[in-house]
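Encoded as structure tokens, the following chain is the form predicted alone, with no partner shown.
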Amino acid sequence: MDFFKRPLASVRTYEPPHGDSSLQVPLEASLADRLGHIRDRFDKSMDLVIHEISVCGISCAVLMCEGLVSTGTFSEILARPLTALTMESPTPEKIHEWVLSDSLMAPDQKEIKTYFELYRFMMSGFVILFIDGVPGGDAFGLQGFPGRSVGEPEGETNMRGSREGFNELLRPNLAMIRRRFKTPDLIFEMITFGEKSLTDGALVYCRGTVSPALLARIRRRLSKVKLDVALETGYLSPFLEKGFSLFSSIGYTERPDTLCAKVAEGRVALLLDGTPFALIMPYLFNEHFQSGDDYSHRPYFATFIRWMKMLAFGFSALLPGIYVAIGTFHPELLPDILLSKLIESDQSTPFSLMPEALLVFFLYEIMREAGLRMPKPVSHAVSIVGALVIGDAAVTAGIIGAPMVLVVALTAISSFVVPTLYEPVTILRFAFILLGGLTGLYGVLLGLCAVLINLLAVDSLGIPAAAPCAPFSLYVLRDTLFRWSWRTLARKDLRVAGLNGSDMAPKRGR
């Protein structure tokens, strides 16, 4: 596929950033003028490499950015053929025709006409060839910059299936997807973000499966992205969503097999150069409780795991608030033995349940953030100190009660069962603690209703995030609350645009 291919004019709604308007200037025919302009623009930047050479007596120049080009490939494909070229009655036009005749066998070769194209290609690992007397130049894709090798993603480990995960380089990521999805209907649509960074990205979708309305809506929203620098796909998520909600309708993954499975259901993925996290649009709420292992395990065990994740999500968000609410306003709901323990703990600590819970969970978040940001060897020590030393010392000193430590431990463990929901769970946890401590179980129940209403209102791309539970679809529940066998799942394919409540008509029915 062409390196900077854009959508066809009939459907194009995305326009890439044009960068600095002063660079939209045609390249001169004079080699000295071009090199002088480039040297002035780069000033004293040490990574600019300019080799002035003579080809058959004609002055030429080779330009590149140090560290972005494979020196071995450059020497074999470009340097040796140019220096060994012999030609009768050479002229700049003849040399240029020879370069364009595919004699150099470069894997990716393009003509450039402006300084904007020159800088963009050169800073993407291309080698630029200038010929004195010929306006413009030729770019050769000889990239050789280092990158992280393909490995298993740490955040999405599976017991079975592929061990490959995306890395920070866009092209190898696209190759991993293509290797798993061997159909010409799989489209990689190249786009660019950032007025200054000019970061390459790719929309990935399956033609004939994706809803044209969904694809057009995503393109239209991406056209409104106005950023100087786009370094991560998280920069783009706010432009793809509408309204406020704790829950996002945009998911992410580091696994190429997961991305292929979502694309096969009619979704659109977005990959960005420089990050291993690919966006998936749209992303349903129930998919937070699914994993790749679900489709390798036996159906009954996969169903059990999904229900366990849902319960863990409920524990991590509601358990502290319910504990504070019952201990403060509804102690009669507790068994006598547990109530006596709670009263004994409350009398030995200086704080009531709500301040105590807020304090403990705030300290827990501090320790978690410290362990996450520090080097791994030190982070383990921080975790041990936080869990054993600080926790035990706080209970012994009577600052917090032992029941609260147990609640914190259960909540912390439950929150890691569904890591993609950790951000909203953390905010909900503090909110429910405040509601439980101020209004009791009634406030917790009203808060839960508000959260459900907010979740049901998430519909940023025309497909309800709570589908297929709301609006309800009995057929699609075969792979939601339950996971049926592949004999059942393979009978009919599922298109996300065909879910109940969707305002997009799929190109062909389920």
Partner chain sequence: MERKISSVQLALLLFLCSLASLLISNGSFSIMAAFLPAMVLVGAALVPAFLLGRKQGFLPALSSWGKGAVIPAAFLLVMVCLFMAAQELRVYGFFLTSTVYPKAQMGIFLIGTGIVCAYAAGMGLEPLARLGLWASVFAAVVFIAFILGLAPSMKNMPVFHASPEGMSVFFQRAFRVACASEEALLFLILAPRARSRRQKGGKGISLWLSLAVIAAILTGLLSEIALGAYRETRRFPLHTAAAAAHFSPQGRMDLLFLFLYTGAVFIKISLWLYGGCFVLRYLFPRMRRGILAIVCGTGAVILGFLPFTQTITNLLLSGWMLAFVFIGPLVPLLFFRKGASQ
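Residue numbers count along the first chain shown, from 1. As the structure is a prediction and not an experimental result, all values here were calculated from the model.
Below, we refer to the form predicted together with its partner chain, which is not included among the displayed structures.
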property: Options 157-165, 171-179, 347-355, 432-440; stretch whose heavy atom lies within 4.5 Å of its partner chain in the predicted complex; result: 432-440
property: Contact label in the predicted complex: Ile53 to its partner chain, heavy atom within 4.5 Å; result: no
property: 4.5 Å heavy atom contact, Asp185 and its partner chain in the predicted complex; result: no
property: Contact test in the predicted complex: His330 vs its partner chain, heavy atoms, 4.5 Å; result: yes
property: Tyr475: touches its partner chain in the predicted complex, heavy atom cutoff 4.5 angstroms; result: no
property: Listed residue (Val62, Leu445, Ala29, Leu48) with a non-hydrogen atom within 4.5 angstroms of its partner chain in the predicted complex; result: Leu445
property: Residues of 463-493 having any heavy atom within 4.5 Å of its partner chain in the predicted complex, listed in sequence order; result: Pro464, Cys469, Ala470, Pro471, Phe472
